[in-house]
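Quick heads-up: the structure tokens below are two forms of one chain, split into structure 1 and structure 2.
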Structure 1
């Protein structure tokens, strides 16, 4: 009896696992293999466009000891963290406003924040080029109105332009994550804390924020992911001053045609991103969940 049951179990568990095979194959072919091959590639070298399959750490040394590369890496982290922070700082209060102040048009308000995500990323970035350029809307308006004689040159092809555009594209992500968390904070908890004598500000600090900061952190993390690996924004509005690490990787594929160095840089970028996200996760653990 017992042994029959065991073989039944065994066969059943094998049949239960069978549907997982395509999933495993997908993970192996499209995730594991490319990453392993990229790692292997990063340990090879090219010279004058010819690939040499010899193991070396030269690419990593080149990626992290070069002054220019290091400066760009630092700038990338600074801009990405800054833009993600600003986007979260704008989106979180906005989400709270929508949750508390709007009822009938709440869904519309949320939808309106999300709609820009459905418009081509490329186009949204390009729009900023039109807005910020020397002949752009801001500068031509300023000159037209006689407020300035010549265009403000810091606006396009600068770190400022990259920072502004990345903040712009990050806001919807930070908003959606914050909103999802804030919407789940029951109004009854606020009433309970008001009932217990807490001022609105105090209620926010002691009840709303602890229960929703994980959402804010998720929004921040999403924005950070988006910014740190972006290529289009720095390439479109950054100029030389606004170059980011992602642009360097793309250049290794295109102009310079040094894939092994690009692969090494990719791995550096992955590790850096992972470390930043781990930091975010570490600082936003919450006790208790709503569900």
Structure 2
């Protein structure tokens, strides 16, 4: 009887885990395998465009000891974290307004925020190139109003242009995560806090934020992941001043044909991003769940 029970329990456990098989296979094929391949390439070396399958850490040493590379890596982290923070700071109040102030047109408001995601990423970045250019909307307006005699030099092909564009493209991702978290906060909790004499500010600080900060953190994480590895935006609106780490990696795989070094730089960026996300998860963790 005991063996029959064990067999039945094993079959039941197998049936419960069976739906996870396609998910595990998908993750292994599209997430694990490419990163393992990248790791293997990073441990090889190349010379005059020829790849040698020789185990070495030289690529990692070159990636973390080059002053120019480290400066660009620091710039990348600063711009990505700043843009993700600003995008979250803009998206969270927007989501709060939609959840708490809109009723009839809530779905329309959400669609208006996320509709840029339906447009090509390239088109959205190029639009900012037109807006920030010497003959763009901003500079043209300032000159026509007599506020400037010549275009603002920092508007395009600069760190500012990269920061502004990355913030813009990140807002919908931060908004969706914040909206999903805020929508789950029961209105009855806010009513109870008001009945207990809590001001709106205190109710937000003690009720809303603890229950929704994890959603805000997820939005920040999505924005950070989008910003920190982007190479298209710096190429289009950043120029030399706005070069980011992703651009260096692309150059290693393309222009210089040094795949091992590019792979090592990719692993370094991956580890750094993982550390940043771990810090975010650590400081925004919410105890318990809200059903």
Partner chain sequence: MTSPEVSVAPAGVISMESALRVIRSLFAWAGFIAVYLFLYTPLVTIGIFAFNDSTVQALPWSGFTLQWFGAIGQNGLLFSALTFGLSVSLLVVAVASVVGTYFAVVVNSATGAAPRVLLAAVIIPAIVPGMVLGLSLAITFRLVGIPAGLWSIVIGHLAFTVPVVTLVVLTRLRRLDPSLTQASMDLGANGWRTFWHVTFPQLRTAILAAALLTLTLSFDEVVITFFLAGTQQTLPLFIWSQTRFGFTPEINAIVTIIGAVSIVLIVIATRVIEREVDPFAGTGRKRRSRRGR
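Residue numbers count along the first chain shown, from 1. Note that the rigid core is defined as the largest set of C-alphas that superpose within 1.5 Å between two forms. Keep in mind it's a predicted model, so treat the numbers as computed, not measured.
Only structure 1 comes from the form predicted together with its partner chain.
Superposed on the core, the two forms differ at residue 25: its CA moves 2 Å or more between the two structures. With a cut-off of 2 Å and the rigid core superposed, residue 66 has a Cα displacement that falls short of the cut-off between the two structures. With a cut-off of 2 Å and the rigid core superposed, residue 35 has a Cα displacement that reaches or exceeds the cut-off between the two structures.
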